[in-house]
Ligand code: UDP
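Here you get one chain, nothing else, as structure tokens; it is the form predicted on its own.
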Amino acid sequence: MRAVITGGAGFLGSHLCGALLARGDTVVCVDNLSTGRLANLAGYLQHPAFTFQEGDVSELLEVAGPVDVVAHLASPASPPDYHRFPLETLAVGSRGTENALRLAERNSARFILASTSEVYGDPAIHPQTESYWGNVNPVGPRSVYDEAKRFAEALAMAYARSRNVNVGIMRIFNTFGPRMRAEDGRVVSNFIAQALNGDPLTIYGDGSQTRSFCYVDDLVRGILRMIDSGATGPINLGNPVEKTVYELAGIVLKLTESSSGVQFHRLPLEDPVRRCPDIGQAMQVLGWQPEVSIEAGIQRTVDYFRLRRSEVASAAGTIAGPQFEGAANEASRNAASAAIPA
């Protein structure tokens, strides 16, 4: 199979490139390197079945030769990134998605859209099923990412219905692992970098908000299942084991053996209170479920960052937090420092 991966130099895209190469497929990676890194592709650049093509898929996406699958992963994904690149995020979700769909259509290829749990917004039902339409503010601080992905889903389904493109939509929940950037602003990388630097772990709100954390190897297995299936979806991909942000901080401190405490800050506007996938469709349709525990995944990610201490050190004091803060609880208002009990 010959696969085109947009956003293939990013955290998730680079792992997908590696998994496809490992099973004998040919990969064309397209990325403008706005948030992706060539270092993520270091193990593949000399591979005879791998091609890197630098370019902005929002402007143009042309690939010579036959294409069997187009996996559209290109987009800023962490809040600091899509707040820095709001117009680019909207462009890659709209024009970029259509360019990727047209490439798939021209080649009668399967099209896979990497959508997101953010389409559910601050969910009113829990856990989130694919039939839930979401609770999203179209003009709020997170809207550039939320609505870009919601539009991308609508566009993909329009191509499926009107032009018979073989579409598959994945809604990806929080994923972590090696190749995350130390300063990218996601909670797992933030906590690990802060713990290794001896800085307080930054918790927004009181830490009671929940997330699901899926290790990247598990997530990539799910993407491969989606590529190989004929499923349209949308299908949730994520870990159904729910953890509070406070619990996550405790796991990171334990595995890093750090003496850091935690520091509470104001909760961001429209930060989801709970986020956890119902993966019944993934289990039934794809035969997929996560296998790596959060503790094992965090340990592997800590080991990755320990080997990159200069990157971690350079992130000290610069780790980005939410840029839009709302009303806070008492602990947040006081910005209290506290140690997590053993």
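Model, not experiment: these values are computed from the prediction. A residue's number is simply how far along the shown sequence it sits, counting from 1.
What follows is about the form predicted in complex with the named molecule, which we do not show.
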I'd like to know whether Pro268 contacts the named molecule in the predicted bound form, with contact meaning heavy atoms within 4.5 angstroms. yes
Look up in the predicted bound form whether Thr129 has a non-hydrogen atom within 4.5 angstroms of the named molecule, and give yes or no. no
Report yes if any heavy atom of Ser229 sits within 4.5 Å of a heavy atom of the named molecule in the predicted bound form; otherwise report no. no
Counting only non-hydrogen atoms and a 4.5 angstroms cut-off, does Asn236 reach the named molecule in the predicted bound form? no
Check for me whether the named molecule, as it appears in the predicted bound form, comes within 4.5 angstroms of all of Pro178, Tyr215 and Val220 - heavy atoms only. no
Only one of Thr202, Ser94, Asn107, Asn135 gets a heavy atom within 4.5 Å of the named molecule in the predicted bound form. Which one? Thr202
Quick one: of Val144, Val187, Val165, Ala182, which gets a non-hydrogen atom within 4.5 angstroms of the named molecule in the predicted bound form? Val187
Candidate stretches 190-198, 153-161, 251-259, 121-129 - the one whose heavy atoms come within 4.5 Å of the named molecule in the predicted bound form: 190-198
Sequence-ordered residues of 61-98 touching the named molecule in the predicted bound form, heavy atom within 4.5 Å: Pro79
